[in-house]
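Given as structure tokens, the chain that follows is alone and in the form predicted on its own.
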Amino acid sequence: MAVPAPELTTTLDEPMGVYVHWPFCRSKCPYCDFNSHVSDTVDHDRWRTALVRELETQAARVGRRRVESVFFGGGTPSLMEPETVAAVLDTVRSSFRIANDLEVTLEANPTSVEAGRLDGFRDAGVNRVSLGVQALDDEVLRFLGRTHAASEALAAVAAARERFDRVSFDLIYARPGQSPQSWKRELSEALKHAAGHLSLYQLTIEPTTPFHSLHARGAFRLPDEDTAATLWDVTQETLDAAGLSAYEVSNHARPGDECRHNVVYWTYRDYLGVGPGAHGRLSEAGGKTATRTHRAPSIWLDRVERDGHALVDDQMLDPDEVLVEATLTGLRLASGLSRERWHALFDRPPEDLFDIRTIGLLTDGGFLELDEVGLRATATGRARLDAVTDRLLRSRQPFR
């Protein structure tokens, strides 16, 4: 049965985030499908001016919204000059109302040169750092195309913890030849150096990456499905025991140390996207608008200098598209989406958005929980989240 299409009910005073994309890296990792590019020369003055200009253009569009997080991603944002970070943050502060506890995250590579720049980023206003460690084994790091050694990575983590109260680092698992025993040992070592947050990602083979063609030729094999499931279980058990439970499928934190910017995405709140290939989601009259800027750095730069922005997509999503996106992101969270959030987005509860029989099957099977708090995937459901969300979304009710 079709249900009426909702009017926008999300309050425009709801806090939002700002994402800033720095597209440059020193080298391209063979597993990476992000919008990143290797460049020997970068005109930092020109890029600083362009990032500020596009941010000003987009800020004028949304007005003096309240901002609670800024995230510098990439690419390798730690290759930015601290002056660029400072200029962007000055523009954020002058353009928006700022939360008292504004979170400013910068992704960094753990090389000794970039670790030495941490003082400049802290002085610019960064208060949270996320380090791309990826592994604590030098042979594995070489396989992953990383240019740092494990000792260098741990030294960078220590340097970051001396300068910032909030530090996270990433590890990649389900790697070729990895056993549950070796992964548990690596996690135990990582926990000796961790602060309040760890991001742990299973290695996936993405199209267009060098790993895709190597894997297709049989140059390496990933763990089989049973081993990958055991690696997942080891991850949850080890981090739970250490007090860093999974608050999202791939992210673990002590209570209060969750990445607030990423929670903006997962709860389907608004964010501006600035820089090459950056996406945004904005609540505007009548619905949710999706934006995307041109991904090619040189074209992005030319268009911003000419037009003040480099948007190539700027369109209102229909209610069904919003439902799909909100479901795919919201069920990644251990807490799922609250009833208040479903009502804020759609002015109705999840029982009216999906076939109630399908919800019942998924709850009876131990994959979903639906109660007075909201709708969420169980731990079992999050381990099989693609299949769970596919089944749920195929039962969604059409909007009129």
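All values derive from a computational prediction rather than experimental measurement. When you see a residue number, it is the position in the sequence shown, counting from 1.
Just so it is clear, the following notes concern the form predicted in complex with a small molecule, a form of the same protein that is not shown.
- Listed stretches are 170 to 178, 322 to 330, 121 to 129, 258 to 266; the contact stretch with the small molecule in the predicted complex is 170 to 178, by a heavy atom cutoff of 4.5 Å.
- The listed set L203, A228, L317, L102 contains one residue whose heavy atoms approach the small molecule in the predicted complex to within 4.5 Å, identified as L203.
- Only one of V373, V42, A334, C32 comes within 4.5 Å of the small molecule in the predicted complex through a heavy atom, and that residue is C32.
- Contact check for L198: every heavy atom lies farther than 4.5 Å from the small molecule in the predicted complex.
- Among residues of the shown chain, D270 is not one whose heavy atoms approach the small molecule to within 4.5 Å in the predicted complex.
- Using a 4.5 Å cutoff between non-hydrogen atoms, H309 does not count as a contact of the small molecule in the predicted complex.
- Though the partner is left out of this view, R146 does reach within 4.5 Å of the small molecule in the predicted complex, counting heavy atoms only.
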